[in-house]
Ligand code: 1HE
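Heads up, the chain below is alone and in the form predicted on its own; it's given as structure tokens.
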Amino acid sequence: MPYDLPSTLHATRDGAVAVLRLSRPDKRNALDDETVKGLRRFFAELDEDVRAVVLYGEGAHFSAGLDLGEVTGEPDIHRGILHSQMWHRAFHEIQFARVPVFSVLHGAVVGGGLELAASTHVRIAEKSAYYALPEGQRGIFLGGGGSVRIPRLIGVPLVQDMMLTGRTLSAEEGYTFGVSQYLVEEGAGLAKAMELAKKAAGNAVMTNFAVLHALPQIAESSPSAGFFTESLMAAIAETTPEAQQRLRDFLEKRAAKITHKKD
């Protein structure tokens, strides 16, 4: 794929799905500055025909978080603020990407790795995954947007517990608390993510846009503002040519009906 990426990232395509691999297994996919900047470029410059992205880590771990070598040296508050904001910009490109992003979580999903995962839309955890926020023990604080995103997934009290006491969560606990939406057997995460990503890639473009961009805004709005925004988004979505064709297909029995398949 024609992206200017560092050697720590590797991108491929499977039809409408772009697959991005964190490729720093010798460092447990710790995130250095070049990797974070590469993530930003990748999501900011997605090809127009990409309809979904799958993100996963090479080797035994998704990501062990921030490469601490990036924040050592002579203390500089201004530099620290700018460094955190650089991470914010990169993960903002993921959360507010043009297309849905699915992440495969296995092994360590720690610190900045959990911040990265929290910026994706659908998280599939393998049973080896474990979650931690060791910043409290390192004398630092969340800097990649985790203090905003992670409490929205699992709540402030649990984030406080993890940071104050060093508590880790197993894959099963993470699934229960809301870190991941799916929990699968070891080694099955990528296949499950590709299956889900291909389903999402088949949705109407405007509907996916509404789910990624309007829904979070509505959820955080006052009820009156949320209802009004919803009505505008509904009207926009249903009047697109793609939506009109899909509605005709359903009414004329060319579209599959919704059924529930038990696992």
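So that there is no doubt, residue numbering starts at 1 and follows the sequence shown. No experiment lies behind these values; they were computed from the predicted model shown.
Another form exists, predicted in complex with the named molecule; not displayed. Remarks below refer to it.
Put simply, Tyr131 is far from the named molecule in the predicted bound form: not one heavy atom of it is within 4.5 Å. Using a 4.5 Å cutoff between non-hydrogen atoms, Leu68 counts as a contact of the named molecule in the predicted bound form. The named molecule is not drawn, but in the predicted bound form it has no heavy atom within 4.5 Å of Val54.
At a distance threshold of 4.5 angstroms between non-hydrogen atoms, Ala118 is out of contact with the named molecule in the predicted bound form. Remark: all three candidate residues (Arg28, His61 and Phe141) come within 4.5 Å of the named molecule in the predicted bound form, counting heavy atoms only. Interface residue among Ile150, Val110, Val101, Leu169 relative to the named molecule in the predicted bound form, by the heavy atom within 4.5 Å criterion: Val110. Stretch 132-140 is the answer when you ask which of 132-140, 151-159, 92-100, 175-183 has residues with heavy atoms within 4.5 Å of the named molecule in the predicted bound form.
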